[in-house]
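Considered here are two forms of the same protein chain, supplied as structure tokens in two stand-alone entries, structure 1 and structure 2.
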Structure 1
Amino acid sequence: MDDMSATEVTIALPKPAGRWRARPRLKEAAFALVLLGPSMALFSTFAFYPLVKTFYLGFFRSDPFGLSSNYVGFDQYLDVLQSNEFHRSLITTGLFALFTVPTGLVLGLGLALLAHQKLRGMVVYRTIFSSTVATSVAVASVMWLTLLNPSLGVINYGLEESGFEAVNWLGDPDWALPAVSLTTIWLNLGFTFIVILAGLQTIPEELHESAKIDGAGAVSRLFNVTLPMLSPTLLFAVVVLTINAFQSFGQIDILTQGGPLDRTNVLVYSIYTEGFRNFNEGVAAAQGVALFLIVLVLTLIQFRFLERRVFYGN
């Protein structure tokens, strides 16, 4: 026999390309899971589990002492949604959001436009305008509690010196909600100012120069150049301020505790009252789920309708 015929010839067949492609992808997926593991564990512990637990507690009705619980299904959710207390708290929360969100947005925009000017010493004013972002809710509430004091407050002193009567800001049912709203506006003003100022600094100066060459005045440049380019930032600020308004608790607890006559009893404070004062975990959980759904729907509506007016420049 020929030597060539006795030699075994091995032919290397190409391996399927799918296996070689799958292995790097599996490695990347495993590495991604390792990196995401700590974050997912934190979210599961402090966000997902409390949400599921809250929804679960809404199916049980507690006795007046908060000890025993009876399964009632969705009946408790229906009772909460149909109760007059929930409706009043929802209306109060809506008014609170109407008082704080538009006013805070306009003031933050005005201060940001002012601080965006290239003037000497503007860094000092930027620091002053943004200082409230470092103030805690407790400190801001105590400060405004002193300012709004009917006897010793600076605001009433200024009113009396101007010839007006003093106002019981936190004790008068007609003025309590505006007073708490004023505190909230001041508290969120630093955040709004920083966000809008950062958005202003991303607008190219060439656009303003081109508008000036075309003969556009300051007002025309504001509405035709600045605000359209700033619209994504404004949308973000509106969404965040709305969520903060529906989640406000600390300033209401310190200033009014939901009073007088439940005029400042927003949904979050109503949840706190039912859960930690009345020991009615079921009702508090049902209100918490309702608040979550309301905030979710409002956020989706804002993105659905306001995003149409948002201009994303290239």
Structure 2
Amino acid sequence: MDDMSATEVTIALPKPAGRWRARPRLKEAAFALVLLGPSMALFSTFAFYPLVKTFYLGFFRSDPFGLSSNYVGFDQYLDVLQSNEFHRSLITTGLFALFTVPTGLVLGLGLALLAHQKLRGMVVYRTIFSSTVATSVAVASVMWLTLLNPSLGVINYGLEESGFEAVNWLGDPDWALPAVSLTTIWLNLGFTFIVILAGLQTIPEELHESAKIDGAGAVSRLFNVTLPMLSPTLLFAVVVLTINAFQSFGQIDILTQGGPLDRTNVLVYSIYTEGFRNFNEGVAAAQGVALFLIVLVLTLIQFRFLERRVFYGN
């Protein structure tokens, strides 16, 4: 007790009134720094610094053996921007997005609408429909590598039985990208399904009931109530799927290695081959910058929806 009053007396030293009380705030700021420190250090080391470094590497041209590099300013960026390889790679990536996103979205929406019913056993169906979300890109690719194999594929058997010609899916330049897209659509279906189903579940039941009372049939309800209410979710899914398409690598690496005839050489695969196979770090970095700018625009769009979800959603 004596000790306590002694320490309290030291606190009681007279102080001028009205001074700025810095100590507690400083302490809080210091504590915040400690809490944010680990994340800040990691982001700086593995996101911000390497981003700047990527821009910087784009200014250097490597010799053919990857042994030395010279500063060439924007020349290399311009070279990359004007090169046929880069254009083809961009077009391939764009086509890949075009093949995967709308189809994936429509299929995901269909599954979500099917599963958004109150039926016994729905849990099982929902688990099955979500199952590909847990499938890794490597597992999915190896599965489809087998399914699409011309010498044992069930798919080709099915085609032949129905009177079509068998297709050398991964070996035919015209069919390789659709084949990779098919794999990707399947792989993303679980994610698309989950997101859209969650969106469906946030639509108030009263809206459907009131539409029913107003005499709207199932189709009319879908187009006049469900889809408009679902549009933020659908847009969110589109953006995420598109970003995914631009970042795809694993399925290409396992199914086609960019071939045949570069027909599946998407942007990330091109960065990988330039940077780690051909030792053209500068070229890879310049392509990386292009990828960054594309994803940046898509992410900014996504943040707008993310924000909206935060304010109104969940």
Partner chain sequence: MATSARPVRKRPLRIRRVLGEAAQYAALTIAAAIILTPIYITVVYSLQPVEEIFSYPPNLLVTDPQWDTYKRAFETGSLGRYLINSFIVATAITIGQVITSVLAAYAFAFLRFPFRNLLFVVFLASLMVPWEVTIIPNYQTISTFGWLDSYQGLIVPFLATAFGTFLLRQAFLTVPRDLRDAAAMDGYGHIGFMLQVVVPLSRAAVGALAVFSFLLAWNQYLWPLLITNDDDYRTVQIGLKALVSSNIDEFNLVMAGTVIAAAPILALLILFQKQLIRGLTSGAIKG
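Predicted model, so just to flag it, every value in this text is computed and none were measured. By rigid core we mean the largest C-alpha set that fits within 1.5 Å across both forms. Please note that residue numbering is based on structure 1, beginning with 1 at the start of its sequence.
Two forms of the same chain are shown on their own. Structure 2 is the form predicted in complex with the partner chain. Remark: with the core as the superposition reference, the CA shift of residue 164 between the two structures reaches 2 Å or more. Comparing the forms between the two structures on their rigid core, the Cα displacement of residue 33 reaches 2 Å or more. Once both forms are fitted on their core, a CA shift of 2 Å or more is seen for residue 42 between the two structures.
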